[in-house]
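Before any questions on binding or motion, here is one chain by itself as structure tokens, the form predicted on its own.
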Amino acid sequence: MDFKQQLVQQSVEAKDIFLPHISADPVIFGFEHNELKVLLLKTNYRKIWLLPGGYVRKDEDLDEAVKRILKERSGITDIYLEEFGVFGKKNRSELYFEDFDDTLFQKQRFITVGYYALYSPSMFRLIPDEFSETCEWVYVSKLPEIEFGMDHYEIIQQALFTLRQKISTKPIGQNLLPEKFTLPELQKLYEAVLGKELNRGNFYRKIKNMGILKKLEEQRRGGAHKAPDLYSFDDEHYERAMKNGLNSW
């Protein structure tokens, strides 16, 4: 069975299983080598890149659907996702399947709900599904150079915009950094998300004032310069900040 026949077969089955006209697209950001990454699939059909999205079953809640979709398409499980937007431009999905008859389930008009999350790539072993050639982390800085299907590049940009807005009111880092980290490492994370350099003194002062860090009685050894202090997140204060927010960044 070639890839086009595979999609036709999926369409036949999908009409009985999934709700028409609604889908979910998770944007999973990762942080590695001081750069932001995003999880993408390269499809067998058309050989272009997409988010690991999919359709909502008739018997499941939307929030549960996106978790199932992510597991089936990438192998990722046990992840917290947050909704950030709805995308419904006409022809957003139809044009991607222009080689098919209009009766194809996937070619119908779909409004998709975007979710995002932040996790370290090292936490997962990626497993692409049968419709994908590969599933991998791609540097955000490289996204303008690759070909996307549908409006998925726009969805990623909106997710990044949302993340940059929320970084001023909610902490980040707990799922992205090792258990013990230095302030320069935390600053690199914030700079990667914001897309700009931050003043070191101002950053250190503000991040300490958030009350989400615990200074450890140990240093990072092995460098040529003075060993920097190690920190960890205070779980109780971090969770409280996630619920109640921080002072303006």
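Remember, predicted model here, so these are calculated numbers, not experimental data. For every residue, the number given is its place in the sequence shown, counted from 1.
Below, we refer to the form predicted together with another copy of the chain, which is not included among the displayed structures.
Visitor: Against another copy of the chain in the predicted bound form, would Ile48 count as a contact residue? Criterion: heavy atoms within 4.5 Å.
Guide: Answer no; every heavy atom of Ile48 is more than 4.5 Å from another copy of the chain in the predicted bound form.
Visitor: So in the predicted bound form, does Lys58 come within 4.5 Å of another copy of the chain, heavy atom to heavy atom?
Guide: Contact with another copy of the chain, yes.
Visitor: Can you work out whether Pro178 and another copy of the chain are in contact in the predicted bound form, taking contact to mean some heavy atom pair no more than 4.5 Å apart?
Guide: The answer is no: Pro178 has no heavy atom within 4.5 Å of another copy of the chain.
Visitor: Quick one: does Lys196 come within 4.5 Å of another copy of the chain in the predicted bound form, counting heavy atoms only?
Guide: Close contact exists here: in the predicted bound form, Lys196 approaches another copy of the chain to within 4.5 Å, heavy atoms only.
Visitor: With another copy of the chain left out of view, which of Thr169, Ser122, Ser141, Thr134 would have a heavy atom within 4.5 Å of it in the predicted bound form?
Guide: So the residue touching another copy of the chain in the predicted bound form, by this definition, is Thr169.
Visitor: Exactly one of Gln157, Thr103, Gln165, Thr77 has a non-hydrogen atom within 4.5 Å of another copy of the chain in the predicted bound form; which residue is it?
Guide: Of Gln157, Thr103, Gln165, Thr77, the residue with a heavy atom within 4.5 Å of another copy of the chain in the predicted bound form is Gln165.
Visitor: Using a 4.5 Å heavy atom cut-off, which of 169-177, 69-77, 93-101, 126-134 contacts another copy of the chain in the predicted bound form?
Guide: Careful reading of the contacts points to 169-177.
Visitor: At 4.5 Å, heavy atom to heavy atom, what parts of 181-216 sit next to another copy of the chain in the predicted bound form? List them in sequence order, or say none.
Guide: The stretch 181-216, when checked against another copy of the chain in the predicted bound form, contributes Tyr190, Leu194, Lys196, Leu198, Phe203, Lys206, Ile207, Met210 at the 4.5 Å heavy-atom cut-off.
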